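In the form predicted on its own, a lone chain appears below as structure tokens.
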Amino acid sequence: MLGFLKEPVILTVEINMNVMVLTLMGLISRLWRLSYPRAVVFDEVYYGQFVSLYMKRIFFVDDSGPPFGHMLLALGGYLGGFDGNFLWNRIGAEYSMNVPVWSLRLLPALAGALCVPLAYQILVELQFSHCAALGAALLILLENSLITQSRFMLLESILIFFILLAVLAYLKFYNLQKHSSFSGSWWFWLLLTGVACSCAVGVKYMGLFTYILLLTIAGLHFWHVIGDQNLSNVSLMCHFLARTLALIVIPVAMYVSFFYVHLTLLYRSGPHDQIMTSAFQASLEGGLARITQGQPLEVAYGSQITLRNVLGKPMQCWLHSHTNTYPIRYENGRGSSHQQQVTCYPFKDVNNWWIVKDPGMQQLVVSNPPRPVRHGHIVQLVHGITTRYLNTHDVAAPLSPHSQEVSCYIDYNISMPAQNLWRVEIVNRESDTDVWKTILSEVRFVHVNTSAVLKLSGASLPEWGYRQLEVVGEKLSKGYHQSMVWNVEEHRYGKSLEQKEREVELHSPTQMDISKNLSFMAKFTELQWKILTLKNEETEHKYSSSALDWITMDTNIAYWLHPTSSAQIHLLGNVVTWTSANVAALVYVCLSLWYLVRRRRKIYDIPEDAWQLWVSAGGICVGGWAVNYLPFFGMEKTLFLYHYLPALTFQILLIPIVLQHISDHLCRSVLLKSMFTALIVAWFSSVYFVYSTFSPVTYGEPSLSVTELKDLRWKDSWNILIRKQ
């Protein structure tokens, strides 16, 4: 039984030296003097703030995309022992000694370095020669813009890494499909495709473009599998389910898990809380949670409440009133009701408190047992401090004349009766008997007499309204826009019968002993919606550009300038590579159209296997360029040159594909092949020359003289920084 021990155990390992050498070269090019400069470089000022918040477990929202990329940057800080204590307030600020610069920049640099061997492997899996694959890897290696972007605490190199990993994994899976379906390797590469796609989308939503491309290609390939008569219906179903699991179910589950980790790590209240709902804020440690913890859950007649508008724009605010009245006449000559002002106030204030009153009873305290308010009930809202009733009527609002004025009713005895009945409509209820709940319920108040809905218009009132936000009665309401929705944030059961005692009660903090928490899925849904819909005010940036500027690289970005010398770092591409990539794409399209027309005429210029190789390579490279570039023409956001880098990477991969095709199929004589080879050598030498020439502004050293800097300005549109002498 132990006979197998008579022979030695031999382990044979195959090492691809091309991959090893390319990986080493990539690491050297991206990791060399990674801590230089020891100062904040361009968007590090942006991402560094999030890293600090991760270190301190403080919640934040970044409307630029999902949290996975931020978590990877924070992982670098965690591994380096960063405590989060650094003020990321300006580009060029020197890092203090507690900031592990090398560690923070490590993961983007590693991702950028690994893109070099990935490019090699992708062309090998596309069935191109090792020489062409080596060329693609070297072009990625010597691309100045990719080097610059990967050497700092930025996300593009991580995004490109996961995109290329997804493409490579799918190609390996597809090549295994022909002879070893459902093997261990087949499952590994299929699952890795889905995982890499999910990671790409989790870093930036731009990763969704490549994910959709791979799903489309996988769908086309599966369509061909369906046509295989050798496969039974059961086998086809297994193929379909395997692809669905690996390419849809697992990526979606992973994407949700990124948010789960994000929300688990960031459990403390912070500066971004205010854009979230009260329920979300109350789930965080500190902040609103300290105020609202343990409040009564069910709103009852006699409850004292504050009402926060759900929209949160242009800022969070609470329904508010004060003793001042609307002016008799506005600046444009229109008259008002001269009633007590009702506004939305962006600060905590005792005048934000309201009492929920039963119209059929006079008491302003909660009975024993409490009588909860339900969906559809009619209530009156009494302002806590002034005891006047929330009212609206057919008088034009001060800044929104198409809407009704909202006020607190004053009886001037001028034939203007009170109209202060409101119907409570719980927007997010599960049934028509749902109880109005603190924090959790989102409520509309519909005026009984006019059917107008209490709404935040968002307009800022003049000085007579203390610049507070206008509240109106919206006459024509369709749907449930968030500006019409309110939720109870602070809540207590009123006990004081006398007004003076009630005022003391309203000034006291709310404290009880029960906590309310949202489920993870509720928080995930809200946070995802905020990321997709919340947009910062876009302002024109000095280095912003249009998508058309990227193709010809008519723009650059100055990332950093040494405080005393002329040393500087720019996001600038290798001009020869960018131009060659454009030419390669044009040649590919023209040749493809030529071949298609000729094939339509039954003229086959190249063998069928070469044609299939040509088409599949174009689907990946040209398709990858198109889906990562063309969508920017429809985006209403500030664009920068680095947005083009994923598309550029696919375009660079196309260059050696076109060159090999020309050499193999268009250069039909030995002389032509020799001349074309010599031309490629000369061209590649120029690629290296440009890389070397611009390396001082890629790595930030050595410092160049004014004359040398001016010589680098190959285009008038490039902004090379020249210090004034």
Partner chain sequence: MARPCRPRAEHLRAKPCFLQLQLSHSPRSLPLRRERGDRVPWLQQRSSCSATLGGCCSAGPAPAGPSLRPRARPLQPPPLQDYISMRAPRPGRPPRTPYPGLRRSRPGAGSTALRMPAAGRGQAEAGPPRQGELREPRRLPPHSPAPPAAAQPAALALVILLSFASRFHRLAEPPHVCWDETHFGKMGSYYINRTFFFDVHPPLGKMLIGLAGYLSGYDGTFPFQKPGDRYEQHNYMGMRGFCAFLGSCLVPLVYLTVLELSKSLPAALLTAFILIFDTGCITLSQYILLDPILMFFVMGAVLSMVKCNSCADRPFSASWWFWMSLTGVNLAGAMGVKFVGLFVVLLVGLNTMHDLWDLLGNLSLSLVMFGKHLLARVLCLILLPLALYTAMFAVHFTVLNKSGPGDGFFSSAFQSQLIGNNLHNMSVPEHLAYGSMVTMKNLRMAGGYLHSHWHLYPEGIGARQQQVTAYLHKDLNNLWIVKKHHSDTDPSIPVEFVRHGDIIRLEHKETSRNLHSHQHEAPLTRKHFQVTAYGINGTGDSNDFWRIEVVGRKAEKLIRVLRSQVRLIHVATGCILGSSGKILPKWGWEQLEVTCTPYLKETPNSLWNFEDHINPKLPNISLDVLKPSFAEILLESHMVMIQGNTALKPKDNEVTSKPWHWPINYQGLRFSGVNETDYRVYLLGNPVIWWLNLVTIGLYLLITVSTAVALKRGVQLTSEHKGEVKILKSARTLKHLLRQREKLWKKCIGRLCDQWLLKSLITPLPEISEQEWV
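Owing to the predicted nature of the structure, the values given are computational and were not obtained by experimental measurement. Numbering follows the first chain given and starts at 1.
What comes next is about the form predicted in complex with its partner chain, which does not appear here.
Contact annotation for the candidate site: 229, 232 and 457 all lie close to its partner chain in the predicted complex (heavy atom within 4.5 Å). Proximity of residue 602 to its partner chain in the predicted complex: non-hydrogen atoms within 4.5 Å are present. Residue contact check for residue 597: one or more of its heavy atoms lie within 4.5 Å of its partner chain in the predicted complex. Although the partner is absent from this view, residue 98 stays clear of its partner chain in the predicted complex, with no non-hydrogen atom inside 4.5 angstroms. At a distance threshold of 4.5 angstroms between non-hydrogen atoms, residue 347 is out of contact with its partner chain in the predicted complex. Of the candidate stretches 128 to 136, 348 to 356, 390 to 398, 233 to 241, only 233 to 241 has residues whose heavy atoms lie within 4.5 Å of its partner chain in the predicted complex. This chain is displayed alone, yet in the predicted complex one of 466, 330, 188, 543 has a heavy atom within 4.5 Å of its partner chain; that residue is 543. Only one of 224, 90, 500, 179 lies close to its partner chain in the predicted complex, with a heavy atom inside 4.5 Å, and it is 224.
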